[in-house]
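A single chain, nothing else alongside it, follows as structure tokens in the form predicted on its own.
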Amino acid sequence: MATYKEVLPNYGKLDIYINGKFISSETHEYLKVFNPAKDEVIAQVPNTLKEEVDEAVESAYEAYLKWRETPIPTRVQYLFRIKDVLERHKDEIARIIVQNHGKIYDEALGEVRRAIENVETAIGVAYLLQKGEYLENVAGGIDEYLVREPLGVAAIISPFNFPVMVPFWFIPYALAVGDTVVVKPSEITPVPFHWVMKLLHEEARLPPGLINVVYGLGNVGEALISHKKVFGVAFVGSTRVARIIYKRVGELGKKALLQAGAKNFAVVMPDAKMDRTVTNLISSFFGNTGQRCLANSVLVPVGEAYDKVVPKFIELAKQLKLGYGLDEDVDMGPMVTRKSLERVHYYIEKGLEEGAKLSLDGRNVKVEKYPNGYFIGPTVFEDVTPEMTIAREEIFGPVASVIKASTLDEVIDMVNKSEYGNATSIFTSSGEVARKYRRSVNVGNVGINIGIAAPMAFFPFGGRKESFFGIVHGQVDSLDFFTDKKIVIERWW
């Protein structure tokens, strides 16, 4: 069996990064960071002191005062440097993602590719979308124009499940328009972004203070959000935490771009091309071990599609091989933490308690080479109703709940009653059905014969209801988050 080599077995104590320098935090509180496939400590991450958070923000602000005056063509050259570093080191970055998060190598490599695409898009944004508007003679001898101005320092609080991609949903756009950032990676998976910063520090030669990095728990996030020189917060994570941040940001009168939780429905119509559909469903439910906000978690076959799709879906799920994501023949890795594993076990018990039929039980799986890993296999419930807990709440693991529906209207009603509105997919050969569905469902991302409705970097990342808090979305849409519009009405005597 071929294996991708680990980059380092242990990264020691991670340093914070302020004003272009790696600095050892003076905190006495360090948190353990694990390789979830082995249950081994691979690093320690500081719970950064408030004074150090303040120093990071001040560094970013001082850098902003110079960076906003830097000509756009010069800023773009630094973005090209970032892209070059990520391209040349994408393999090792992917391997580190596997070591700390647990996803398989191909998924990790895809994550890095998505990060690179956002840098590429930001380069285009800097030249094109940042342009203002101009209109002569709005009145006699008076011209009016609009300019976009950078705002200062942005806080970026990123989740554990995409430790490299999500920060790069925001960083390149902020830098392109003249802002600077302080990033707080997840304390669960801090190593991949730490490694990226190490590479950028050594090879990209960015001006000091453009990107600053602090680590820690909620107290660090609060210190970052509350700092008077932070104009706004970009966040991806759970709905519970997003609500807390949204309230706090609102109290402080700051900007918010908060991507939150999800409960995504995959709908299969009787006329769907079943073989292709089932293959797409497997990856959309169990890819990344179900730990992504675009993962489908509720499968809804309509009418006779049930007997065509569900048995095949369960059979293919049984064939997925679990293991360490650096082993090339592995299809699915572990949960990211033991606590996450326990959470999935709780929901399986809840499904049984509420009367769902456990058709495929992923508990108690054995992965011989990695007996201590946080593994759980694909799990499928049938006879699920929309009122059940497993059909309503975000599990964030490889658990599929199957609900049988009779009509498309029944499905639309079901999706729209969900408190979440992140994504949904429909599989059909009918353009009429697909059009009706995508127009009727109140969600931000819709896949048509696509399992994972993941927007490219040059489209916004949608989300509605309890899946999003704010006004503008991520990726290219964040241009409006990182700038404000100034209107100039001009007359010369």
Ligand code: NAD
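These figures come from a predicted structure and were not determined experimentally. All residue numbers refer to positions in the sequence shown, first residue = 1.
If you look for the form predicted in complex with the ligand, you will not find it shown, but the lines that follow are about it.
In short, of 317-325, 173-181, 241-249, 85-93 it is 241-249 that has heavy atoms within 4.5 Å of the ligand in the model of the complex. The ligand is not shown here, but in the model of the complex it comes within 4.5 Å of a heavy atom of S186. Of the heavy atoms in G221, some are within 4.5 Å of the ligand in the model of the complex. Taking the partner from the other structure, the ligand in the model of the complex has a heavy atom within 4.5 Å of a heavy atom of S467. Contact between F193 and the ligand in the model of the complex is not found at the 4.5 Å heavy atom cutoff. Site annotation in the model of the complex: the residue of A356, V309, I157, M335 reaching within 4.5 Å of the ligand with a heavy atom is I157.
Of the listed positions (N296, N288, S401, N422), a single one reaches within 4.5 angstroms of the ligand by any non-hydrogen atom in the model of the complex, namely N422. Residues from 239-272 that approach the ligand in the model of the complex with a non-hydrogen atom closer than or equal to 4.5 Å are V241, I244, I245, Q259, A260, G261, A262, in the order they occur in the chain.
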